[in-house]
Every structure is written in structure tokens, then in C-alpha cells.
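Taking the form predicted on its own, here's one chain by itself in C-alpha cells.
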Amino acid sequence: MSVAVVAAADDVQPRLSMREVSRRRAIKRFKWSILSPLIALMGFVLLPVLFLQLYFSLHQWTVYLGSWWDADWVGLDLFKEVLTDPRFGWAAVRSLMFATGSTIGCFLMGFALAYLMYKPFRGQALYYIIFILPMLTVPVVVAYTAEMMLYQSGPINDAITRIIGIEFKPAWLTNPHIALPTVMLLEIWNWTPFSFIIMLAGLSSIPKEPIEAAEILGASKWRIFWEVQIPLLRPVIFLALILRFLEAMAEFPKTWALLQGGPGTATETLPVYIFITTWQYFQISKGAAMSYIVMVMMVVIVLIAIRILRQEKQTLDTVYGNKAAGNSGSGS
């Protein structure tokens, strides 16, 4: 009898292996069916643009020098010029400050709203619509509406003055010390729904077993939040922060429509400075070199982000693997 059982088991094993191989092949075909259009788009649209941009970066040309294919070869001189340009350095600092501040603000606001909303309650759908509306507003519309509301004698300052009972009239748009934080606040209002959606999905996907186990052991809500929910949410948190940071580094419409980099250069971030250099000063080659340097910066940030996300995923996989092993051991 035992010999028959062993023979049957040996016969089932190849079948399972063939099923597994077939499943993996199907997954691979599905992945390639999704990725192929993107790869084709990159090959036929993006790569020619990148090569043309590289050509301009290595040749000195402006719109006043005639045909672009007759531009003079300058090698890496433009890259050296950009890297030693103090204005470019300050634009990079402003971009990093803007991206960091707006990312943290969006995350804190979005996470707070998601934590309040992830448990079902009456009228929840209405709050979803209200919280997501800012993200659906066109950035240029946000900028022009803010311009009307943020004048010194505008409705925002008037409302705050009436609430606190003291005259409150900061120059939101003309004071170089607060112009960048003003745009940052607009960015936070505009993109908090993005963090809200990601964190809401993360909170909703947390397994109930760890939380129920902590409650049975008598843990407080704060300890459950800090020691159970936050560790499980770490990959989602890093994803929300990284995506928001990358988008904030490229923010252009609101800054340009509202202040055009002013007052002075107070809001001149990297996208604004590249636009001014390329399309107002018509220094096409220098603008192309700037774009390549910024692209390399962003690639480095993306690679670091991917590494962090992989480490977080491996940590969670290890935790769940140990938990599964412990359950199987206790069951046996």
C-alpha cells in the first residue's frame, strides 16, 4: 500500500511542476503584453528626443546661429558651465526645499484624512468626493484662483483678520521670504488627495489578525498604531513619499502661472530656470545640458527609491514567512 502511495505522489509531482511552469509562462506573456507598448513608445518617441537633446548638450547653438546641424562642437563645456552656475545651484536648492516640504505636508495631511476615513461610516462617499476634488483641479486654475485670493487686501487675509481680531496682511505673492512657502501650501492643497488615496488603500489592506491579536493582549490604540499598523504600512508610506517627491521636483504650472520665478528669483526652481534659459534667453544648448543633469539626478533618486522599496518588501516577506513557519510548526 505504501509503495502505491509513493508512486502516486511521484506521479503528481511532475504534474504540479508542469502546471507551475505553465502558470509562470502565462504571467510572463501577460507582463510582456503590457510592457511592449511602453517599450515601443520609448523606442520610437522618447529615444530620438533624448539623442537630439544630447546633441544640443554637446554643441553650442542658439536660435540666432543659423542651422542647428552646423553648431560648433563644445564637448562637456556646457555641463561644466551649468555645474558652476550659482543660479542653477540655488534653483536646485529651492527645488529640493519645495519638494521636501510639500511632500511631507501632503503625506501628513493625506495620512491623517485616510486614517479618519478607512473605517466605513454613513456618508463616507460624500467625504471621498470632497477630499479628492483638489487633485482634479487644473494647476493653472489653482494658481489664478490663488492669485485673486492672496492679495494683501484679498479674502484670505480679510477672513484671518476677522477670526483673530488682529490685522493680518502678509504679502503672500510679493514678499521673497514667503513666496516659495506660499506655492508650497498650494501644492499641499492640490496634491494631498494623492497621498490620501494611497494611504487609504494601504490602511484598508492591512490584515486584521495582527491588530486583533494586539487588542486581545491589551495594547492601547496608540501602541497598535505605532507598533503594528505603521510597520505594516512602511512600503506604502515609502511609495507615497517617493512618488510625491518626484512629482514635486517637476512642478512647473503653478509656480510659473503665479510668479514666473519671482519676486526676483525667490521661486525660481529647476523647471522654471530651465524654461527661462531655453525659451526666454534662447540658450537651447545650455537648457539641454541642464535637462540632462536634472535627469541624471532624478535617475539616481529613483534607483535609491527602488532599492529602499525592495528592502522594505523583503523585510515584510521575511516577517510573514516567519509567521507562516511558526503557524505551521504550532499546527504540527
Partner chain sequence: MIKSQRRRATSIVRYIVLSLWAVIAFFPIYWMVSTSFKPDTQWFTWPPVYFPDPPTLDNYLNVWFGAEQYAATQYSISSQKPLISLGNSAIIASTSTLLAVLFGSVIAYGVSRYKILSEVRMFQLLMLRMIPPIVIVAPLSLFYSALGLLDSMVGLILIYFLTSLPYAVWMTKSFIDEVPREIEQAAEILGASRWRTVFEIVLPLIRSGLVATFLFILILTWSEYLLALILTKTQVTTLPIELSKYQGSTEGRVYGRQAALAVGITVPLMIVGLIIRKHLARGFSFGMVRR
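In this text, rigid core is short for the largest set of C-alphas that superpose within 1.5 Å between two forms. Keep in mind that this is a model prediction, so the values were computed, not measured. Positions refer to the first chain, counted from 1.
Here the subject shifts to the form predicted together with its partner chain, a form of this protein not shown in this document.
Although the partner is absent here, D77 is not a contact residue: none of its heavy atoms lies within 4.5 angstroms of its partner chain in the model of the complex.
Taking non-hydrogen atoms only, W226 never approaches its partner chain to within 4.5 angstroms in the model of the complex.
In the model of the complex, its partner chain lies within 4.5 Å of some heavy atom of T278. Taking the partner from the other structure, its partner chain in the model of the complex has a heavy atom within 4.5 Å of a heavy atom of L136. Of the residues given (F107, F88, F98, W256), W256 alone sits with a heavy atom within 4.5 Å of its partner chain in the model of the complex.
Checked against its partner chain in the model of the complex, the residues I178, A71, M117, L83 give one hit for a heavy atom within 4.5 Å, which is M117. Contacts with its partner chain in the model of the complex, taken as any heavy atom within 4.5 Å, map within 123 to 160 to Y127, Y128, I129, I130, F131, I132, L133, P134, M135, L136, T137, V138, P139, V140, V141, Y144, T145, E147, M148, M149, Y151, S153, G154, P155, I156, D158, A159. Core-superposed comparison between the shown form and the other one: the Cα of W226 travels less than 2 Å. The Cα shift for W32 between the shown form and the other one, taken after rigid core superposition, is 2 angstroms or larger. Shown in the overlay between the shown form and the other one, fitted on the rigid core, is a CA shift at V141 smaller than 2 Å.
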